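Coming up is one lone chain in structure tokens, specifically the form predicted on its own.
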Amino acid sequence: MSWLDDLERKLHDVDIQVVNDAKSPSGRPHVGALRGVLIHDAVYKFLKDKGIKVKNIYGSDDYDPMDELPGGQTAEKYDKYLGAPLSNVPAPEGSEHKDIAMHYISDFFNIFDEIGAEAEFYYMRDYYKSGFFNEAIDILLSRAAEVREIYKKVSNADRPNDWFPAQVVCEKCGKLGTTQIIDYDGKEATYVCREDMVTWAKGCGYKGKVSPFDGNGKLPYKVEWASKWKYLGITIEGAGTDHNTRGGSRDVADAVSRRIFNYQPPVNIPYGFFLMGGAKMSSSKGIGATARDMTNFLPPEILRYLMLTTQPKRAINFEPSQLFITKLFNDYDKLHNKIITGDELPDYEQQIYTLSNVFTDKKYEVVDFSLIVTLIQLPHIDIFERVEERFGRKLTEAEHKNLQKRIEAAKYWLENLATEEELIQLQETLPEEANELSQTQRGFLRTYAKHIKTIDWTEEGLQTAVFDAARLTPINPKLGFAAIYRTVLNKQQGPKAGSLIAYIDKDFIETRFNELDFDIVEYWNETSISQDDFDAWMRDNKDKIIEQKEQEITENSTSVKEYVVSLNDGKTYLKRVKK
């Protein structure tokens, strides 16, 4: 049973399920923020597909105070705004938006459509200024003593007797994060804008009295969270593991929701961090990839698969290496190919694919990502044209879009993430390093070049021919592949060999694989076995043998006997015995 099935069993008995998530737009959202987006989107789509009435909402917590300098911005411009509501802070120079909150959140909201996520957006500034949370503010201020008790009981946090669970915007300096309400008479709040209340902002010292309603005041995060649940009717909301520690913000919000608002907290989905090379990322400090970086890189179905194939509670450790990226694409492609071939899949894998795939047409063919990385580095290749030649037909709309996205991903990886060692280039001349290949590997290349003259020039045919040639050398196929990559790319490894060769000129391949000097006697010495070993192999396979041919050949006074043996599994082997 998947975590989604488990969640369904926990649903509240309500007319409509409301799924919620939110982000404080204090900087460019890092890619970890997309994990929450896609987990909640998966819940929404899963329930909708089940016929359950549901909506998915996503909020911009743009009335939070700015508690750090925006990434890349100077203290000279923004120091004076530290502590002010984000929606009141001007946007960086050149932005199309008036305030910094919209500057950061607008592009993030654009990403939703790009990755196939559906949500209704809301902005906390609007809720506060419209009076939507006036009742919640009044209740919490009036029952401040009970809120202080909750903090003490749940998280062992002492709040002084003059602490109230709200703040107001200072009438003099416009700051929110530096004010402390010290009294509330049911209509107005008496407050002080303290110089030393927080380390990240300095208040002006003003003392005043103001209504905390209609945008003049704001609730602190933990009680605001509970207020959202109550007044927005939220029934499902997950959060990162940092919020779900014992006595943490989720526990406090749960207690406030139950005791103060008499509201059952939403079904929780605790989820792990998104790590970049083992490090947690921060949007305000610019550590790691931003959400925009990642969506510029990974196609939407691959990004969704990355986020959803890992159980929510587990962290995702993303590595921008060729090995990690290639495996990610390959894992998705294996699942996709099982779908289009009609293979029977476990319910969980079917579920993951349904929630990852963004194309209405699921019958599209994909091109191996590592091959695309190679092809875009080869000169004078029109990938779309060559792929259509390989498919033997025009690409469908889904295939064209999928291939285009993968080409963009490959270019992004090459330009931004690949190391020098990971870059490749088709070798116009035989690499000097190819001279290090053994005589067995050289013999394999010659056998392969001869073998492929008689087969169809297709990816699968050329790939199968590698194993056929390896048995006729004989050589471990791994060493055969290494010989191909060394002579063609001057690398130890590369994309699927058959796919690579299919896109390269046939005459070039035949010439290159016969280009190395070849010592046939040494080749025989390396590949020959004893008569006893051959006899033992024949005994082991006697029930499978359907044909056997043999010949004796001599070179420079050295003779060997070659046996070509065909088995009933369709495979043919060469066994060489030195005389």
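Everything numeric here is computed off the predicted structure, so don't read it as measured data. Here, rigid core means the biggest group of C-alpha atoms that superpose within 1.5 Å across both forms. One-based numbering along the sequence shown.
Heads up, the form predicted together with the RNA isn't pictured, but that's what we're talking about next.
- When contacts are defined as a non-hydrogen atom within 4.5 Å, all of S249, P477 and F481 contact the RNA in the model of the complex.
- Between the RNA and the residues K405, R314, K80, K411, the one pair within 4.5 Å by heavy atoms in the model of the complex involves R314.
- The listed set V169, A253, L371, I269 contains one residue whose heavy atoms approach the RNA in the model of the complex to within 4.5 Å, identified as L371.
- Shown alone, this chain has one stretch from 110 to 118, 289 to 297, 397 to 405, 465 to 473 that lies within 4.5 Å of the RNA in the model of the complex by heavy atoms: 465 to 473.
- Residue contact with the RNA in the model of the complex: R446 places no heavy atom within 4.5 Å of it.
- Proximity of F132 to the RNA in the model of the complex falls outside the 4.5 Å heavy atom cutoff.
- The RNA in the model of the complex is approached by K222, whose closest heavy atom lies within 4.5 angstroms of it.
- Under a 4.5 angstroms non-hydrogen atom cutoff, the RNA in the model of the complex has W200 among its neighbouring residues.
- Counting a residue when any of its non-hydrogen atoms is within 4.5 Å of the RNA in the model of the complex, the one hit in 389 to 408 is R390.
- Shown in the overlay between this form and the one not shown, fitted on the rigid core, is a CA shift at G217 smaller than 2 Å.
- A movement of the C-alpha atom of N476 reaching 2 angstroms or beyond is seen between this form and the one not shown when the two forms are aligned on their rigid core.
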